[in-house]
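Just one chain follows, in the form predicted alone, and it is written as structure tokens.
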């Protein structure tokens, strides 16, 4: 059976030594967030994920979910009990608003715990994960009455939530959706239509499921300008707020999927189901995008989680599996062969994965901290900077992190050789589960277009200019770091090349929009590489300072070794991406469509 051990040492290094999570104490909601509390949350979260969720991962993969004739769904063995433990231990409510029963912890801690949950059991973690997005949408767009009716039970985890966007004929192009809403004369609407790919659309773990549904009110404008958002509960609420009569929304089938079998991905049929408008008519996308942006950060986290658990298993296997001899002579002289970790190509795959994982974790946590600061600071300029960073980096976190995590997860499977292709070892599941992360919540090609077409130019390019200024200040502060030349030179080079790519796109994308489209994925990867280089430089400065102060913990030298690998072996991909961007659209658009 696959193993999972939460990377608590690395998490604490980032939170305490790199990001200084205790600085959040200056914001009124986080006054008690000290080192002891943070460490206790991480340690207890690790116990739950390692001891409860990880053993159920393979169970969920093998059993999947079962739909019954009445449309109800049973989750895999052990999921319901595990979810009950999660609710009782307060994990769902960790960072939620205390006004509705939440614990009010920073979102940064929720991301930390969420990484462990998704690494140990991605399919399971999606149930409470999507609820968080639904909660945020209702907080932003719901009326006071809607908030009081739904949020306390959703925050506690007694009820879960979904997002219903996709229809059989349209995915990303939501302007084509056909689900309709007709006023019922009682202040609500009759919602009719079909939604597909609805994660956690029906299950047996919660007393109610609160569906957030995009639909078009009769007579609304065509396209995205005529889309509204509705709350459609599985069970209508009684006058006292408890679940009552069954609504006419039902799971028509469970999708047969490549992975995440433990999550009930449903076709949902709405047959004049009773729904309630959130916010204004025809303004539903504004609220739904709040939920989608929350989900996109979560998907980047999912990619990291699968890459990390794959790495742990591959590293253990590489140290144990005997095959061949080291090129420099036997290392296991008393055995028939050496462990495969002696081979440079195995080391390449392990180092590539480790360097990505640790850099991605830093970027994810850094972004989460900026979100916490944005929510609670009274400094308007600081809030503006945080919002700029989150807007710029959300497509990068979703797109680049999942693109890379797919490659690293496959590399870890490759280390197992033929055993990686056999279900017994569990590596196939990590690959299969991870595959969806590149597709849902906006496929990665769409993320790249969003980055280049919208986020980069937003507010006259202010976000990237501000980030560049921050990097320049960091480099100035550390220009005398004689022991870290690879980090400072690598970051300087990455910033220069990203700037060159940005200028090329600005100049040539206006001449031919296809130039921007053709280079968008390469640009997203350049942004990912550059921001990871910044994270690695920040981590290297801290690690080197600890070594200089006399620390003899292996963690710090190993951090520098891993970071040097990233700078010397991975960051040079900036050159290849830049070269491809500069070819423009012509090489890929030259062939007539009929010739494909």
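Positions refer to the first chain, counted from 1. Predicted, not measured: the structure shown is a model, and the values here were computed from it.
We do not show the form predicted together with a further copy of the same chain, though everything after this point is about it.
Engineer: Looking in the model of the complex, any heavy atom of residue 547 within 4.5 Å of a further copy of the same chain?
Structural biologist: No.
Engineer: Does residue 487 reach a further copy of the same chain in the model of the complex, with heavy atoms at most 4.5 Å apart?
Structural biologist: It does not: once a further copy of the same chain is placed as it appears in the model of the complex, residue 487 has no heavy atom within 4.5 Å of it.
Engineer: Answer with yes or no whether residue 538 is in contact with a further copy of the same chain in the model of the complex, where contact means some heavy atom within 4.5 Å.
Structural biologist: Judged by the heavy-atom cut-off of 4.5 Å, residue 538 is well away from a further copy of the same chain in the model of the complex.
Engineer: Taking the shortest heavy atom distance, is residue 564 within 4.5 Å of a further copy of the same chain in the model of the complex?
Structural biologist: Result yes; residue 564 sits at the interface with a further copy of the same chain in the model of the complex.
Engineer: Mind telling me which stretch in 208-216, 233-241, 313-321, 184-192 gets its heavy atoms within 4.5 Å of a further copy of the same chain in the model of the complex?
Structural biologist: Single hit among the candidates: 313-321.
Engineer: Of the options 465, 457, 383, 258, which one has a non-hydrogen atom that comes within 4.5 Å of a further copy of the same chain in the model of the complex?
Structural biologist: None of the others qualify; the residue that does is 258.
Engineer: Just one of 87, 351, 363, 392 has a heavy atom within 4.5 Å of a further copy of the same chain in the model of the complex. Which one?
Structural biologist: Contact check passes for 351.
Engineer: Using a 4.5 Å cut-off on heavy atoms, what residues in 322-349 are near a further copy of the same chain in the model of the complex?
Structural biologist: The stretch 322-349, when checked against a further copy of the same chain in the model of the complex, contributes 322, 323, 324, 327, 328, 336, 337, 341, 342, 344, 345, 347, 348 at the 4.5 Å heavy-atom cut-off.
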